[in-house]
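Only one chain is included here, represented as structure tokens and corresponding to the form predicted alone.
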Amino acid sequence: MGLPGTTDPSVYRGLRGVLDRQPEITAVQYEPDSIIKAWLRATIDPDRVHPPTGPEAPELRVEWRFHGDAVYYQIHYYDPNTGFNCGWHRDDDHPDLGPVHFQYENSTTGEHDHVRVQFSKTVPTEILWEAGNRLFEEKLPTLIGED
């Protein structure tokens, strides 16, 4: 992922707690391991994703970094069954969109986009909770679904 800055173990504990409570997620682990804790990988039950996907478990990767007063994060979903991926990024990749953007790529339809977004919250755990709700209730059904 390559975000600048350093991680905060207390923030990652909180983020892991949010992922553990998300109903679609079946497992959460630190990557590359529980010592380094560079990011979190959440495994998603494909039977709990709407619209239905294939047999392989989609994943959600969460990385949160602090560099001085700046906060960087990526909350990124990937479905190996369809190739669809999307996420909320607070990084320096798209300065024209402001500090936070949502991006997606649908390899089935060829659609892709980057748009400016903002969260109503500023605390990492609250942002992740809001992103999870947006992902499963709004983005997946709208961008790849039947709604």
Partner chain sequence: MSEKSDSGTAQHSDEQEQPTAPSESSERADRSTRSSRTRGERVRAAAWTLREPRTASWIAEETEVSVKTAQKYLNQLVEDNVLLRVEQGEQTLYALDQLMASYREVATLQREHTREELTTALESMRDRITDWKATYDVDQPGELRSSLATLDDEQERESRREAASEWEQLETRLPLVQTALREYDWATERETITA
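Numbering follows the first chain given and starts at 1. Just so it is clear, the model here is predicted, and its values are computed rather than measured.
As for the form predicted in complex with its partner chain, it is not shown, yet the points below apply to it.
Check: Tell me which of 113-121, 41-49, 95-103, 75-83 has residues with heavy atoms within 4.5 angstroms of its partner chain in the model of the complex?
Finding: Among the candidates, contact is made by 113-121.
Margin query: Since only the chain is shown here, I'm wondering whether Leu3 would be in contact with its partner chain in the model of the complex (any heavy atom pair within 4.5 Å).
Written below: Yes.
Notebook entry, point to check: Do Ile25 and its partner chain come within 4.5 Å of each other in the model of the complex, heavy atoms counted?
Noted result: Ile25: no, not in contact with its partner chain in the model of the complex.
Note to self: Since only the chain is shown here, I'm wondering whether Ser107 would be in contact with its partner chain in the model of the complex (any heavy atom pair within 4.5 Å).
What the structure shows: No, Ser107 is distant from the partner.
Next item on the list: State yes or no: in the model of the complex, is some non-hydrogen atom of His89 no more than 4.5 angstroms from a non-hydrogen atom of its partner chain?
Entry: No, His89 sits far enough from its partner chain in the model of the complex that none of its heavy atoms falls within 4.5 Å.
Item checked: Within 4.5 Å of its partner chain in the model of the complex: residues from 27-51 (heavy atom criterion) -> Heavy-atom contacts within 4.5 Å come from Ser34, Ile35, Ile36, Lys37, Ala38.
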